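The chain below stands alone and is given in structure tokens; this is the form predicted on its own.
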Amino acid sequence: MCYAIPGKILEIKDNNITVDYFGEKRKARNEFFALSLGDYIYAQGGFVVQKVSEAEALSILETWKELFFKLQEIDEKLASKKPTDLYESANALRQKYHGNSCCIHGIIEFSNYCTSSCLYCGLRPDNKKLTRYRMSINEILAATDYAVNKLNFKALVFQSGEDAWYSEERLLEIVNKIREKSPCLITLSIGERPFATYEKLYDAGARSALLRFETSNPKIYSQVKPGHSLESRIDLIKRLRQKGYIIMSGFILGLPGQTKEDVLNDIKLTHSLGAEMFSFGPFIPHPETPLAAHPRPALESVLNTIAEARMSVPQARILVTTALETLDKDNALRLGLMAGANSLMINVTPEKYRRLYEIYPDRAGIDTPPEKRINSILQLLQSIGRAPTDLGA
């Protein structure tokens, strides 16, 4: 099963193409491939990420054909009934603006070293109980090859703590080699780096950045991220968007002192920054941090925020975060998707490192092999009529 559906090129105008699959027409931008009318491609986030042979594309489309319309029918039925609560209203809006598409990203967490002493994060340098690791460039490339060429992911997030060992030169080598050997939508989640470095990484082929601002309240920000500036964080996000990065951003729910008004302001700020994907999840305390005793928020409050974000910004892609799944490992993913979300991530970090990326304890999905997790998620998506695809912006 592929985590996108191949489309046939109907029109090419400069770097912009129009593709068709099953009568659905979508736009995408081509910046990496020599393409002609009639070619088949995969796209993620509105960018062409792979060119695929006609024979392979037709085989996949034949496999999808019956299922695609069946899933649409299930989703439309679930979303079309008269809404009786906030979640159903949000889900109806999700269906109206996005159909039944659900973005599936893989995530590779390649280092748990971090120089930042954020009060809420288990990767903070003061956590002496954490076994630290850094994946070598070859390990990162091998994990990427497996995720793209064996598991069929078309979009990957490369995440680490703020680890200066990965110099600009090393990061550029990683991006260049991924583009060469395992093309996909490359999302960087590497924290605050000089904008000049992000510029070079974009020019090398990275096209998306996951950089949350955590809270729109400057007072809370200064308390939980000592030594950091909310203003500089927001400025970097704005500059990344101006460069052309797809922005994935958002906040943490349940930080000390956070009010309902703060959460509404968080949603507004995420939208105003031009984020194409909203990423927010509950605060989960880590025992080796200063906030170890602070309570986690209720599952309902996170679901309400997903629904409120959907109602406020109908066109947004909204992620069900691993932190939300951790609140209720059996039900949270489904509940989040039915409350208006339409995106998720699957951890494809090598097994020997997966548990060590401990921003909070007992994360959902880290003990499940990726293949098994993929199968269970695809079964869930089919049960609610969602197609694992993201063909256009």
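In case it trips you up, residue 1 is the first one in the sequence shown, and so on. Just so we're clear, the structure is a prediction, and the values are computed from it rather than from any experiment.
Below: the form predicted in complex with a small molecule, not depicted.
Stretch 118-126 is the answer when you ask which of 82-90, 146-154, 118-126, 164-172 has residues with heavy atoms within 4.5 Å of the small molecule in the predicted bound form.
Contact with the small molecule in the predicted bound form, judged by any heavy atom within 4.5 Å, is made by just one of Ser160, Ser208, Thr305, Thr270: Ser160. Note on contacts: among Ile178, Leu236, Ile190, Leu130, the single residue with a heavy atom within 4.5 Å of the small molecule in the predicted bound form is Ile190. At the 4.5 Å threshold, heavy atoms of Pro183 stay clear of the small molecule in the predicted bound form, well away from it. Taking the partner from elsewhere, Pro282 is found to have a heavy atom lying within 4.5 Å of the small molecule in the predicted bound form. Remark: His98 does not count among the residues lining the small molecule in the predicted bound form, judged by a heavy atom distance of 4.5 Å or less. Taking the partner from the other structure, the small molecule in the predicted bound form has no heavy atom within 4.5 Å of any heavy atom of Trp64.
Annotation: in the predicted bound form, residues Ala4, Arg26 and Cys103 none come within 4.5 Å of the small molecule through any heavy atom.
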